[in-house]
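In structure tokens, one chain follows: the form predicted alone.
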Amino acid sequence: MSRLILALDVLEREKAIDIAKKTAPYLHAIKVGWPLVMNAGMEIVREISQFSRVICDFKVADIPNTTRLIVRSAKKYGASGIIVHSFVGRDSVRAAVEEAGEMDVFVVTEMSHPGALDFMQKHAEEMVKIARDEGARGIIAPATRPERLREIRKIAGELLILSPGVGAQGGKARDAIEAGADYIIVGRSIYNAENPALAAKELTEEIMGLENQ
């Protein structure tokens, strides 16, 4: 079973579908964000879900009612998961989980870019606890800072950890897996590769090799 998630941050519908179809055999899921949806429309979620699970990386950060409407829309178009923020409060996370039903909710705790150090890192542990208390399926924690990932893993309990930042941002799959990540999120190193399917295959084999060591 693959532990690789593709962050498909391309803009063109045809390119997205082509990459999704070719890489899907080597993936656990495909993460679709605003860049693609704003250019191709929400129907792209349904189209890509023919090949792979789709996680809507909408980083929802709104009041509970608006959160419910966004989660409902993602579910309507066939998403298997959605990513939300928790800094807006536990009531919004609770609304997402309640509306999601069988769809997975993943809560951002600390992002992979340097700017996360300004505000997010100071409250990451609190956000992990909100995700855990409100029944989310998992959390987002950075592969770019394995030492932080290791600390977050200690308090995450049974929450899944999806870890972005491997590849173009400098994170290493080995470091993230060893620090406690369940799934690795990779974007540019796959979709900008000359052969995206081969890049996905090699990364999946690398992660599987770590499991067998």
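Here the structure is a predicted model, which is why all the values come from computation and not from measurement. One-based numbering along the sequence shown.
Omitted here: the form predicted in complex with a further copy of the same chain. The next part is about that form.
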Do all of A61, R90 and G115 end up near a further copy of the same chain in the model of the complex, with near meaning a heavy atom within 4.5 Å?
yes
So which of 47 to 55, 175 to 183, 33 to 41, 154 to 162 is the stretch with heavy atoms within 4.5 Å of a further copy of the same chain in the model of the complex?
33 to 41
Interface check vs a further copy of the same chain in the model of the complex: of V105, I140, A95, A74, the one with a heavy atom inside 4.5 Å is A74
Indicate whether a further copy of the same chain has at least one heavy atom within 4.5 Å of a heavy atom of I70 in the model of the complex.
yes
Does a further copy of the same chain get within 4.5 angstroms of any non-hydrogen atom of A136 in the model of the complex?
no
Looking at the partner-bound form in the model of the complex, is R132 within 4.5 Å of a further copy of the same chain by any heavy atom?
no
Does a further copy of the same chain get within 4.5 angstroms of any non-hydrogen atom of M120 in the model of the complex?
yes
What residues, if any, in 147 to 185 have a non-hydrogen atom within 4.5 angstroms of a further copy of the same chain in the model of the complex?
none
